[in-house]
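First, one chain by itself in structure tokens, the form predicted on its own.
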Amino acid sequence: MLKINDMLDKKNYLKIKYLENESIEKIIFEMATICKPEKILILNDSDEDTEFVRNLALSNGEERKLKNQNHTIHYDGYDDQGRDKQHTRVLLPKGKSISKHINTIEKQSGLKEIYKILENSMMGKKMLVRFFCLGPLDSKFSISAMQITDSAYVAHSENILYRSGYEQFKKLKNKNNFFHFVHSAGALNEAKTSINIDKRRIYIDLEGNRVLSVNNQYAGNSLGLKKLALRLAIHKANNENWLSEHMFIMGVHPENKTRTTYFCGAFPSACGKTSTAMIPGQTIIGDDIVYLKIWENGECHAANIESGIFGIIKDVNPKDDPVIYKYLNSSNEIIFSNVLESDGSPYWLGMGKKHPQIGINHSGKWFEGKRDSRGNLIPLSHKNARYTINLKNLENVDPFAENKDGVPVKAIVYGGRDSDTNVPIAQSLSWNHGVFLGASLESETTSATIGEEGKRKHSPMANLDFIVVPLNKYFSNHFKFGIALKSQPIIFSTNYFLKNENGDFLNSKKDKKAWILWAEGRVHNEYKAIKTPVGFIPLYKDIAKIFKNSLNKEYTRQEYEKQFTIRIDNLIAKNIRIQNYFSYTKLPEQFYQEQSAQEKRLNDFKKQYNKNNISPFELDVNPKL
């Protein structure tokens, strides 16, 4: 009978035996038997193995060097440019269900299907086995994760984005409490992109703490440690009373003060998440995924599970994103994905620089005016084109980014996008009210979606695509988490996208700094506030002073009034939308209590002021707030 040592040469077999973990051996043996690679390579934390992966990605054509020798470029297939929601499914035991928003498949039939697709998928290719740690090493946040892939691009990306964890795996002592991910890009064309996209599958096995993925290369589908690991962590967190969230962590530094206040923030796509985390003068710990846990002192601590950024490159330019733009033009290691390459240089949409008329992009040879088989114009760079970088070389990285205890979180921000309803910044009335605000997040679609502009999409905690437990359980865990804390972070809501009657934005992109600095001051009880039905809002004199000091900008009474007017009818309409949206499922009692209380406050306000739109100058200021 074939054994694991029959599949490995002596050097690689010893790397596995060194871990002393039968579960790891069993997984590798099973997947190698199915996928049939020409060779199995076990990679540890050494610089030698890290460099080997990068060179393999170049030699096999998955990446190419650019003019800057530390920069490479990778292309996903033309129809492999984003997360495949349709074919991403949770494997469930027969007869079990979760929620209607979760795409599922019966476990045994799902495994049978994907095993069949994976069969012989690695023939002629190397199986790369890589070990990582989600979260800081040797920490209460740490979760060990093993990646098996036949894509050197995937392994190279994860080397940049995550902490090496081979040594961490040694400490498991033959336990199987780790995540593992199996990926095959499948058959490739001459451009080294997956061709059998009709058989693309991403199946999530919650019981097995694993994800099986095949016939894709786009990182959201192929890099197991990213959004696929987020789903496994959400399942784990909701059974262990901690939170795994789609959030950034940033250090907020008020003007002329020496303190740092740590914020987490969840924003749906195109709502300002990364730009908030990268506000000038502030520091970043992470921009995408965090674990939140209750620390020994009863405070909320958070850690970034990643050590890099897989960021959208569209509109990164020296004016709006100076720190990232500077980094993308540095000599640091970078993987560019799905941008235009011409004469060894990368070009992307919105970079603030004139671009060539010809080059290579995700469609192959490209020229201005090129159309695809459907007749659609192909832009020079895909709108979801990306950059992959390590955080350690960013000039604004926080000094505690690698702290094994994480950082104490004093505020959580939920950011939505609407043109006519929510104020730019509001503090929740309580922890439970803040959870309700997060659960009620909405985001308007933009002109990038044909025929859909202005349509509101519901996105609870900006996490809907990744929640793999019933919403009742997910929201309940948030309420319970707050109750268990001795010191709760203050929850805020933001909206950077209010417009006037002509469709122009009421504030600029840079104004978000003022909202965040006001929130930081509220954490430290430095500002009074006005109580409204949807939360506490700033006084004009305070926010105007922040604008002057931090942005060197005059903030007029007229601007304040337009932005912080309480739009009662619009807020009531939102409350009704939220009620209708969740009508299909049972939610925690706290949710309904908060929804009912907010509805009553809004109706009472309307009766008291006898109008739909109430100026903040008409509202009472409570000096105790």
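A residue's number is simply how far along the shown sequence it sits, counting from 1. Owing to the predicted nature of the structure, the values given are computational and were not obtained by experimental measurement.
Another form exists, predicted in complex with sulfopyruvate (SPV); not displayed. Remarks below refer to it.
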Exercise for the section: Considering only heavy atoms, tell me if residue 325 and sulfopyruvate (SPV) come within 4.5 Å of each other in the model of the complex. Expected result: no
Handout entry: 4.5 Å heavy atom contact, residue 393 to sulfopyruvate (SPV) in the model of the complex
Key = no
Exercise for the section: Answer with yes or no whether residue 549 is in contact with sulfopyruvate (SPV) in the model of the complex, where contact means some heavy atom within 4.5 Å. Expected result: no
Exercise for the section: Consider residue 387 of the chain shown here, and say whether it contacts sulfopyruvate (SPV) in the model of the complex, taking contact as heavy atoms within 4.5 Å. Expected result: no
Fill in the blank from the handout: Answer key: of 227, 458, 201, 513, within 4.5 Å of sulfopyruvate (SPV) in the model of the complex (heavy atoms) is 227
Completion exercise
Of 110, 359, 220, 251, the only residue with a heavy atom within 4.5 Å of sulfopyruvate (SPV) in the model of the complex is 220
Handout entry: Contact segment among 428-436, 411-419, 471-479, 212-220, judged by heavy atoms lying within 4.5 Å of sulfopyruvate (SPV) in the model of the complex
Key = 212-220
Handout entry: Heavy atom contacts to sulfopyruvate (SPV) in the model of the complex at 4.5 Å, residues of 280-302 in sequence order
Key = 288
